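Consider the single chain below, provided in structure tokens and representing the form predicted alone.
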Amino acid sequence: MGKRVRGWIQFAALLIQNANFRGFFTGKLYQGGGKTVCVPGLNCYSCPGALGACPVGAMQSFLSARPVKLPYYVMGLLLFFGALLGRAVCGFLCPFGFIQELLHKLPFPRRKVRAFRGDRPLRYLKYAVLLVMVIALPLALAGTPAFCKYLCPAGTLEGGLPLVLLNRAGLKLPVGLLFAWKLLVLLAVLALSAVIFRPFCKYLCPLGALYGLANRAALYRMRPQMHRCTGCGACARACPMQVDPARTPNSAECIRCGLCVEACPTHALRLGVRGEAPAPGPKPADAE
């Protein structure tokens, strides 16, 4: 699948999940039946255009309730999307991931950062965010969706900023120290996105952490044909998430963007839901 096709899918997913366009002018949130259904990606419930609920926010809502309600529905939905797509949800269906990618396409700065010292340890931070801010703190503190309240830049961009800018009644109270902190987090993520490919997805996103755990077993996954691999490294150089598909084709960091598949000169990589069907192109003589 080409980059242009994936881009159109991402754009369509953004529009479909936020199709209540009237809300951006009135400041009123959609409250229909769709809000009882979680979308697969990170898309804020409080976005004026949102037609569905964010799975991370919904999970915290259950866990911070008193008495605590186990989020069977949310976990079932996440397991379904994880088992079916893994982090392809991040690569195709997440609006905030798409926004980060668009910022990374900006021509400035001219030199983008692919890797840096500390990059690998920072990848584990998203698992800490999942355990502490999405699970532990909501369980410990009643009525406190900690990730949404204190960190989520997608919520600030999609929900907080539009509602505050519309300046509707009752929306002046949140504009204080906490909102300033969240705005600072958002600006940092947006600025970093112009330099680093999808920094929030790499280092902080709890949803990406969950879907990443399912990458190896997901129905839609990388299905390498290693007898074709010549070890040229083209796939690793093409990967914006700094995965080496020849070594870890179904890494938890892979968002299934397909750039490695396009870059492979011997068609040794394939994304799909079926087994290792013969790939196009001749088998290289030195790949035996």
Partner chain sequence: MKKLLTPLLLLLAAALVCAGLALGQHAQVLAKAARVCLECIGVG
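What you see is a predicted model, and the numbers here were worked out from it, not measured in a lab. Residue numbers count along the first chain shown, from 1.
What comes next is about the form predicted together with the partner chain, which does not appear here.
Trainee: My question is simply whether V134 lines the interface with the partner chain in the model of the complex - judged by any non-hydrogen atom within 4.5 Å.
Mentor: Contact with the partner chain, no.
Trainee: In the model of the complex, does C148 have a heavy atom within 4.5 Å of the partner chain?
Mentor: C148: contacts the partner chain in the model of the complex.
Trainee: Using a 4.5 angstroms cut-off on non-hydrogen atoms, would Y73 count as touching the partner chain in the model of the complex?
Mentor: Y73: contacts the partner chain in the model of the complex.
Trainee: Is it the case that A53, even though its partner is missing from this view, gets within 4.5 Å of the partner chain in the model of the complex, heavy atoms only?
Mentor: A53 belongs to the contact set for the partner chain.
Trainee: Taking 4.5 Å between heavy atoms as the contact cutoff, choose which of A209, I99, L77, L192 touches the partner chain in the model of the complex.
Mentor: Filtering the options by heavy-atom distance leaves L77.
Trainee: Only one of L84, A140, A128, A188 gets a heavy atom within 4.5 Å of the partner chain in the model of the complex. Which one?
Mentor: Checking each option against the partner chain in the model of the complex, the one that comes within 4.5 Å is L84.
Trainee: With the partner absent here, would F92, P240 and C254 each sit within 4.5 Å of the partner chain in the model of the complex, counting heavy atoms only?
Mentor: Verified in the model of the complex; spot residues all out of contact, no.
Trainee: Among the candidate stretches 256-264, 228-236, 26-34, 241-249, which one is within 4.5 Å of the partner chain in the model of the complex when only heavy atoms are counted?
Mentor: Result of the contact check: 26-34.
Trainee: What are the residues of 201-216, in order along the chain, with a heavy atom within 4.5 Å of the partner chain in the model of the complex?
Mentor: Sequence-ordered list is empty.
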